[in-house]
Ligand code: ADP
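This document starts with one chain, in the form predicted alone, laid out as structure tokens.
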């Protein structure tokens, strides 16, 4: 394989630039030419493809986001969209692709492989919800950003004797809430993977202010449960009488310079993706498990270790879906002084 391309797709995540840099420089060291594709699969279909060299990825290692930009392009799930993208790959002589993104991005990588263009998926999302890997590129940075914000919110919460509900991103996964909540000493963490009783939530707030002598209370809420304002309304309806405020950390969790861990993880995975393409392999997703790199087929059977399977009617099924660390939820309950 002499010419490959790299793209980022779906939501951006800190560390994507580090992965791009690794792909480009590792490929060049292996004697390959590398092309960048702007705006994911949308840019592929439109032919927004350009050559990259070692200098072109200088000084991006420490930058958040993705300099190749990203876009959601659901049309690539259809054959017509795939064929348009492949036409552009052929036009540029591209033989393989590294796709950095989430589940939907992986599906596109699988389709490219099926059409004879080997593609390797790298897990790029702050949510840490991609199967086949312990950690995703961007998760560590998002947790660090959340903890920094939670520490600041705790300061003002203490100063004014207030209860704060702080909503964090994570889609349908509670990983960011759990990790940042424990690190920031949250009094309660509410995640979608575990049921909660709003009356119990309110009872703990009241208990903290009365029996435990606390003058503030911090609740970290994963967005997959509900929005912060709605949760606060539930609390008030259940009898909360504290001075309650809501903060949504929102998209600040996607931005900022990636942590050293995310930079190393992205570089490690990016270089490995090139090695797989050099061997002519495709349809694989790279992950990390027990601090070692692993690969899984994107599509196949659960017995084969594939991330996804197809039902008889063509629907995609997730094998061994991601699960948040509910033992961490139990840990926080043990450590919270309520």
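Since the model is a prediction, treat every value here as computed from it, not as a measurement. Positions refer to the first chain, counted from 1.
Separately, the form predicted in complex with the named molecule exists; it is not shown, and the next lines address it.
For the candidate set 96, 132, 108, 85, a heavy atom within 4.5 Å of the named molecule in the predicted complex is found for exactly one residue, namely 108. Think of it this way: in the predicted complex, the named molecule has a heavy atom of just one of 212, 236, 245, 72 within 4.5 Å, and the residue is 72. Although the partner is absent here, residue 77 lies within 4.5 Å of the named molecule in the predicted complex, judged by heavy atoms. Taking the partner from the other structure, the named molecule in the predicted complex has no heavy atom within 4.5 Å of any heavy atom of residue 240.
Contact annotation: residue 104 falls within 4.5 Å of the named molecule in the predicted complex, judged by heavy atom distances.
The stretch among 264 to 272, 156 to 164, 77 to 85, 195 to 203 whose residues place heavy atoms within 4.5 Å of the named molecule in the predicted complex is 77 to 85. Shown here without the named molecule, the chain has 9, 10, 11 in 1 to 23 lying with a heavy atom within 4.5 Å of that partner in the predicted complex.
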